[in-house]
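Quick setup: one chain, the form predicted on its own, written in structure tokens, and binding and motion questions come after.
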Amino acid sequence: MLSRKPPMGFNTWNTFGEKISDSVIRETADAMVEMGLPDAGYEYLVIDDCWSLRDRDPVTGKIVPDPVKFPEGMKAVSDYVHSKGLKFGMYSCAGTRTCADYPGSFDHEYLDAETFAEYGADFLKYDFCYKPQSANGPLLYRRMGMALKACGREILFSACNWGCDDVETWIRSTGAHMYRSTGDINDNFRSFKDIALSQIDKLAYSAPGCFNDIDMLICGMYGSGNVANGGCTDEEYKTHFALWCMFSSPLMLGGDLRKLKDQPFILNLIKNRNLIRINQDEEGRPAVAVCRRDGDRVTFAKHLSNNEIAIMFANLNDDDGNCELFFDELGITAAGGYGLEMTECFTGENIGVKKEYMKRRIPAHGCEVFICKLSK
């Protein structure tokens, strides 16, 4: 089953934008392996927009890879990615043109799906720009869903319609394995905070087989790259990554992986076994906000397999402050006699068994995340 757990990998857009090439993809594949990312679960390497010529081949009708960017063609790139033990991803759009004004797949869905299969693609990100007003959005995603089924290759279908048309209510029926529910992320705290808070009431729609994608990760960008817009501190990147893990979002890295050897904090963060374990939990249950104070101090809870529960204290305010947890909000009553034995995911510290009520002093824009077991 594709997407039994949230997909993990890398996408070129956040760092490279249109500046993609054969060498960039090969160097990124090398870096993923060198940094041990496949062992942590990151398996897809996805090329985003701007990979093709501006017009289709006049004879075959196919989209043509840019021969300057990809002189050996896309199959050679795909073969190299596969030779590293990784999976290869492509990009197209449900409209007549892509968001960067390259050929889209509108009315060419079956031909394009066959083309991506010929390349050896394992993943398709499918955007939503330049859609004719008369075209029905859900129908366009059903079209590509069927085209991918007909192409003769198993390809993960990543729908990217930015949360339009109440996408969470119908996208699973199109065959998609993940779906974008937000606008584009930028490399700053305000951007990922707004995205996270916008999804609190929609988390329950995400489940094994089709996960809510709240956009690519910005960890380690530090104000550089295609979506650079101020950058984040290490504390903010920590909160960003933890939120994406709690929300069962696909973990698609967006920073320049070739720089990871010089970014030990970021490398350790994105390989944090405890957080990835929360994200990849086999039950795929949604998180829920169980307490919200002063607007943006939020406590989240997420049921895990093995009778465990994850708790995240997230201070998204601009000042240090307390995040609270009333155990009754979890269904743990004082009369029942149970509490939670809590182990922090970043430090590994076991803080013992807590009952009834607790609060944690959390720095501005920071967080703590615990994996907990019921205990008397």
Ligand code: GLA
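Source: prediction; values computed, not measured. Throughout, we count residues from 1 along the sequence that is shown.
The same protein has a further form, the form predicted together with alpha-D-galactopyranose (GLA), not shown here; the description that follows concerns it.
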For this session: Name the stretch: of 132-140, 93-101, 259-267, 233-241, exactly one has residues whose heavy atoms fall within 4.5 Å of alpha-D-galactopyranose (GLA) in the predicted complex.
Result: 93-101
Exercise. Which pick from 216, 148, 219, 178 sits with a heavy atom within 4.5 Å of alpha-D-galactopyranose (GLA) in the predicted complex?
Worked result: 216
Seminar exercise, completed: Assert contact residue (alpha-D-galactopyranose (GLA), in the predicted complex, non-hydrogen atom within 4.5 Å, options 160, 252, 77, 124) equals 160
For this session: Tell me, yes or no, whether residue 184 is in contact with alpha-D-galactopyranose (GLA) in the predicted complex, where a contact means a heavy atom of each within 4.5 Å.
Result: yes
Exercise. Would residue 13 show up as a contact with alpha-D-galactopyranose (GLA) in the predicted complex if we use heavy atoms at 4.5 Å?
Worked result: yes
